[in-house]
Each structure stands twice: as structure tokens, then as C-alpha cells.
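Starting off, we have a lone chain in the form predicted on its own, written out as C-alpha cells.
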């Protein structure tokens, strides 16, 4: 088995173990039980559960970038809403248990600098993608020239992160967020002479 296959298998086992046990009760043995690898083999690749979870966050980041980097539309507002949809749409293989486990890891970020660093990468990447789309829309006249792309991107990241949290903690659908963000784009982001086509 190649290093890439080994890493993929360990990441898959980590996903399954997090779904089954959550973050707080997760052990390296739990991950080994979901893998063809022994606990000793896991420790050969990762010194600790913390190191393995940091690698897992890197793995999730790569998947998030792959899932959201190819969105496109015929106009900047369509690309913007397509990116919002890509973020709000949960991957088919994500379970509610996994969402809960990731929220548990996020809750550790204030105390775990390496978790915080990796989770910040998600937000920074998304903010950069949104800013690029917003700046392109201002440049071609689609978006309000008085709109600040950086501030707007940060606001959108905050709303999208909040929607993900509400989905996990309260079982709230993201459809309201999707609808309200589309309305926000129409009323606060588009230039005065532009309209979102239904």
C-alpha cells in the first residue's frame, strides 16, 4: 500500500471513529479499530491523537477547497451565489454525527493553537474566494462600487459558519440562510441598476 493509500485509509478511519465516538471520547485505538492498521502502526505515522486530528483537519481542508474552488457562473453574482450554495450544501457522505464531532473540535480551538490555525485556514480561504468574486463584480459594474469587498466577505463567512453551527446544534435547515443571503446580495451587493434573475 502506497503512502497516499495509507493516508487515505487512516483519514477514512478517523472519519468513521469520530462519527462513532465524537471528539472527547476518541482514542487512537478507536481509530485503529476502524482501520486495517494497528494502534502501533498509527503511532508510527502520528505521534498522538492530536497530531492525527491536525492531519485530518488538513485533509478536510483539501476536500473543502476541491469542493468549492470550481464554482462558476455567467456573471459575478451567479458565481457568488454558487459559492454560497457549495458551502451550504453538505457533502453526501457527511453524517450529523460527523458534524457534531467537527463542532467539538472547533470548540477546542481557543485552547489548541494547532486546531485554531487549521480552522482559520478554512475561513481565510473562503474569505479570499468571496473577496475575489466581489472585487470582480465591482470592477465590471455588477456590484455596488460603494460596497467594501473585504468587509462583505467577512460578513458572509460569519453567516455561513453560523448556519453550519445551527444545523448541528439545533437541527436548523440552511434553506433560510440560503434564501436570505440571496436577498442580501440583491439588496446590498448588486449595483442599483442590476437585478438577480429568477
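Residue numbers count along the first chain shown, from 1. Just so it is clear, the structure is predicted and the values come from calculations on it, not from any experiment.
Although it is not shown, the form predicted in complex with a further copy of the same chain is what the next lines describe.
Asker: Though only this chain appears here, would residue 114 touch a further copy of the same chain in the predicted complex if you measure heavy atom gaps against 4.5 Å?
Answerer: Looking in the predicted complex, residue contacts with a further copy of the same chain do not include residue 114, since no heavy atom lies within 4.5 Å.
Asker: Considering only heavy atoms, tell me if residue 65 and a further copy of the same chain come within 4.5 Å of each other in the predicted complex.
Answerer: Residue-level check for residue 65: no, no contact with a further copy of the same chain.
Asker: Is residue 104 close enough to touch a further copy of the same chain in the predicted complex, meaning at least one heavy atom pair within 4.5 Å?
Answerer: Contact with a further copy of the same chain, yes.
Asker: Taking a further copy of the same chain as it sits in the predicted complex, is residue 71 near enough to touch it, meaning that at least one heavy atom pair lies within 4.5 angstroms?
Answerer: Residue 71 lies outside the contact set for a further copy of the same chain.
Asker: Which of these residues, 166, 51, 58, 140, gets a heavy atom within 4.5 Å of a further copy of the same chain in the predicted complex?
Answerer: Exactly one listed residue reaches within 4.5 Å, namely 166.
Asker: Of the residues 136, 32, 157, 26, which one places a heavy atom within 4.5 Å of a further copy of the same chain in the predicted complex?
Answerer: Looking at the other structure, the residue within range turns out to be 157.
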